[in-house]
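Before any questions on how it binds or moves, here is one chain, the form predicted on its own, in structure tokens.
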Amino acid sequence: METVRAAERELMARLPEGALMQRAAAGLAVACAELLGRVYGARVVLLVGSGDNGGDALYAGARLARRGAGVAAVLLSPGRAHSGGLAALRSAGGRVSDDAPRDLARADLVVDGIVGIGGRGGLRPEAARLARVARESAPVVAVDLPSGVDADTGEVSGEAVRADATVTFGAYKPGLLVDPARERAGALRLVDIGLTLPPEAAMEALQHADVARLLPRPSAESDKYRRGVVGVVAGSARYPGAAVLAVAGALRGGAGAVRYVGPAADAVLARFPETLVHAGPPDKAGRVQAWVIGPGIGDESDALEDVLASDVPVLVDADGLRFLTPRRVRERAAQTLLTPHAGEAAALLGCGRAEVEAARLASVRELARSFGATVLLKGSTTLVAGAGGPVRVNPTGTGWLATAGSGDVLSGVTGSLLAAGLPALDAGSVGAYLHGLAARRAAGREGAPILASEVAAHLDAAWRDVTD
């Protein structure tokens, strides 16, 4: 967050005193008014800490009070509350609460201005108690980020506010995009306060236009081989479905052809007759531009060594990850993309799954550094990290993707993008984006249980969503 703080300091040096806080407060007040629907007569409670977030909340409260809202400020550090904001609130008809539980119980909206981006660790006991009461009483709007979460990493080391919406200023903070903090942020709203930020961010979240620009498209002179051929090594006697699902994703990922190598050829051909099949080993199957290996292969490690010895990009998923070492991956000249979920990442890092889930950003960066590879860490917020540069977070995921086989589909579509020529970071980011969109389509507007095969079936619609 030092980048944001430096930009704020630079801008404050050029603006009249207090102008930057007024910009933030104005945007916050507008967002609160929209959530309330009717401001006049509404009851708003501000949870006010000692920092600038508390000042933002107080000035926003003053604006709401001038529009007829009844605004009460609960001061967690009465002697350290922002003096200008407190004076503005009182001047506008707001008041300092003398009975926080009573005011919270009557509130139509609660504004969390307890701790800002400089906060570390969870909430203190009194703040945590008020945050719990607020959550049970009314919708909660967080100022810049929910109090108690780490703005840089998305980690939550103690109790934290769980907001229905977060109004953030100048830039999205990493903690707003990465779980476990992300689930506490609610709906996000960015208020432009005029910051000048460096062109390269610590984290990126692709949007439709970015994905559309990266998607491979055939030219008039393309044939199936020029579009790329992806090889898929997946499935076993125990898990033939993994092969079918990985091939399904690959066929809809943008490459011109899919070569399947493994024992589930009959099942694959019965579902997808356009697949090119081979009994193996992979180096005898024919030319490919990328390999996908791992879904459902069980204890078969010979094929992995064969694939890693190739001179094309390789995606390793699921069972294939169990046989990897950092040294073997680093020896490769071509790109390698690893796609673990939290449990697999924990095994690769030699730690517990809970540690990975609590520190997703640090975990994906450490995996990328250790293996010298691009890593796609699957989960509630999918992260894609290369050896350096920004980490990408996928904004299209949905909890309905937590279903057997969905990772096999993701591996297939991402491997196909590798074969079509996308660098590993782009292939992982675009694959996750399309995968998430397809899952949302499969689940429907209201959300409903889905199958991995339904996600694969909606990939073409996801592609059209991006390019239309």
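Source: prediction; values computed, not measured. We number the residues from 1 along the sequence you see.
Although it is not shown, the form predicted in complex with a small molecule is what the next lines describe.
Of the candidate stretches 35 to 43, 403 to 411, 61 to 69, 419 to 427, only 403 to 411 has residues with heavy atoms within 4.5 Å of the small molecule in the predicted bound form. Using a 4.5 angstroms threshold between heavy atoms, His341 counts as touching the small molecule in the predicted bound form. In the predicted bound form, Lys378 approaches the small molecule with a heavy atom inside 4.5 Å. At the 4.5 Å threshold, heavy atoms of Ser310 stay clear of the small molecule in the predicted bound form, well away from it.
Among heavy atoms of Thr382, some come within 4.5 Å of the small molecule in the predicted bound form. With the partner removed from view, the residue among Thr398, Ser97, Ser236, Ser370 that has a non-hydrogen atom within 4.5 Å of the small molecule in the predicted bound form turns out to be Thr398. For the residues Arg182, Arg259, Arg365, Arg227, the 4.5 Å heavy atom test against the small molecule in the predicted bound form is passed only by Arg182.
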